[in-house]
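Below, in structure tokens: the form predicted on its own, a single chain.
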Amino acid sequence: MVSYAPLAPAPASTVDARLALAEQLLACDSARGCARAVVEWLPAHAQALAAACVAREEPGARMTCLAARGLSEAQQAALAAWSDTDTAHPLADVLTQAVPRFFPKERAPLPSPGAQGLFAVPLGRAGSSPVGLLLVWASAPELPAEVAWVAGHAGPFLARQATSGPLAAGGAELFRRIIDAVTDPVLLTDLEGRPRLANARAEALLMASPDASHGRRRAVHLNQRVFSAAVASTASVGQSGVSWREVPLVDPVEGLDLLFELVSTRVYEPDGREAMVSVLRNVTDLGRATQALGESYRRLRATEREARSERHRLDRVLDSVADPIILSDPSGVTVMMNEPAERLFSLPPEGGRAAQRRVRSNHATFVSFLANVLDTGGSPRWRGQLSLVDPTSGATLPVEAVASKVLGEGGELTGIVTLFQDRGEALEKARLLERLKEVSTLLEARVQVATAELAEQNEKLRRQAIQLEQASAAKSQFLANMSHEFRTPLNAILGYTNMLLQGVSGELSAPQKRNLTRIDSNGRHLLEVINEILDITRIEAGRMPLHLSDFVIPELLQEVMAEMDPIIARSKLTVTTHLGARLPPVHSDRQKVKQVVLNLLSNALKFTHEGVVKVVAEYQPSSSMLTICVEDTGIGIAPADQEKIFEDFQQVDSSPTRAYGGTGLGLSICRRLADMLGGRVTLQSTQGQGSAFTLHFPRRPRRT
């Protein structure tokens, strides 16, 4: 409660002046008008050098100079440059303690318009906090009685005008129409959230008549509980000024969930009590829009991440390509390039001025190429041969550039993709191909020369072969003729020798018989040699015909054994014959079979010093082949010589001091005769253990 000093009895004129001021105050409909009347009255009736009235309309707000007299505008502004929460200001203490106070001269920041001091008198309703101050500058430090009277009577009036403000000037009806015109719910509540004043929007949301439906009453009851809790929570914080928070409510008519933004402001009621002015702003659509915007933002971020991932994947794919690739925008500016392209069009980390020149040269070449692409009009692709330079080594890189236009859905140009392909390998292949063609041409010429030389050599060989054949025929003819010429006198010599041995010319002495016997033996040996030479020449000359006949093998072997019996008797070897079961008759050249067996048996007796000689004849029904094998236990033949002995005039021991005689034609003749019979002669021998020569010939010759 504001307490002032008691008023001194006023003269009649003072009473008139007070009545006049009271009438002015009653007639005023605003705080400013009331303050203006007070500050005009005080200098005339209270000896005040200057006066001012400051007030604030709500707690925590800045002070307002409602009216002043005797003060400049700057001084009036200085009086309003503080708030009741500014505890450092000297007038704030007066408001807090609600007790008049005198400030001596030049008390900063209070103005001093030539007075000795300033009286600061609180203004307000009794029992409530002051809403303003009445400032009076006087020449004496004593509070004038008129000042105390004015403060005591004008204070409640100013307090009512200051708290209600100019709204009170239009009346309650006007105020009601104004707040009902507000589209948002507006309420005046106590600090617990209980409504004291509400506009039509707020009543529709938070109030229901008794005859309203049960659902509406429940929705309104729920809204009241939520709203009261929100307001009480805001008031309990004790924060001055405006506060915001979101409140979920229910539409009592539609039953839909609504979201409101609650804007609350702490104010003073006319009776000095604190209250809350709340405005509810429907932000349901804003919330939905915010939610949709958030969803769109999340989708945008997801799309951005996906695009970034695709870009990263595209970069990896492009980097994995060995050829340089550059993506340009429609104006030809490079947008992206892979690593191989960066090595050509980017400066190396340690590159110097030379590398810079090479990179600029590559860029200039590429820009010139793109200019051709952009000038081609509707052509979607452009191909060109470029000569780039390696920025690091300076080596020339011939490449083929292929640029493809990337068109949008509307056919507009959105980018250009250029792929560079190294032509170095292709040029090297072309060079190698050209070199290969040259070498091929040279080789072809050499082959032609060699072919001509070979043809010439072949012709020479052919002529030599003809000459050799002619020489061989001449030799064979010569040998045949000579053999015939040798055989005729030799047979005569043998004949006469035999006649002498038989005693045609008389009885011979022992030395004569021995000598004639030697002549006969050597003559027969010479005849045998001549016959062999004659046989080999006849075979080579093709004049050895086949005389086929039917015969049996046992009879043939008996004849052979009979002819060889003298030799067998001298050799002291055991010679046996073995005939296989079911030997069939043979249709072949009997004389040639016999000659082969005689040669093989003669060789066995000659090269066998002791042991046995065995003649085995068998028949192979599966192959219709007959075999006559002559086995011995003689000296045997080394493997290296087993093929050699079948050649003409070849023997195992060809030295002049050999131990065994012969012309070396026996086995050769045997092989040739076997070939004529359609068979062959085989050999199995072990040196020092003996040999086995086998004649294989068909039962019937396949050709005649």
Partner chain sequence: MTNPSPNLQPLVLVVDDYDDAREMYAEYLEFSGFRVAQARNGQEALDQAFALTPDIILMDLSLPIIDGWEATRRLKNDARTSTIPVVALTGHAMTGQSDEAKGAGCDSFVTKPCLPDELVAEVRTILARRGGAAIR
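This structure is a prediction, so every number in the text was calculated from the model and none was measured. Positions refer to the first chain, counted from 1.
Keep in mind that the form predicted together with its partner chain is missing from the display, and what follows is about it.
Here the marked residues V321, K405 and F420 all miss its partner chain in the model of the complex; none has a heavy atom within 4.5 angstroms. Contact check for G351: no non-hydrogen atom falls within 4.5 Å of its partner chain in the model of the complex. Residue contact check for L534: one or more of its heavy atoms lie within 4.5 Å of its partner chain in the model of the complex.
Its partner chain in the model of the complex is not approached by T290, whose heavy atoms all lie more than 4.5 angstroms from it. Residue contact with its partner chain in the model of the complex: F175 places no heavy atom within 4.5 Å of it. Taking a 4.5 Å heavy atom cutoff to its partner chain in the model of the complex, the contact residue among R524, K513, R196, R218 is R524. When its partner chain is considered in the model of the complex, only one residue from V504, L433, A474, V335 comes within 4.5 Å through any heavy atom, namely V504. Look at 253-261, 550-558, 494-502, 74-82: in the model of the complex, residues with non-hydrogen atoms within 4.5 angstroms of its partner chain sit in 494-502.
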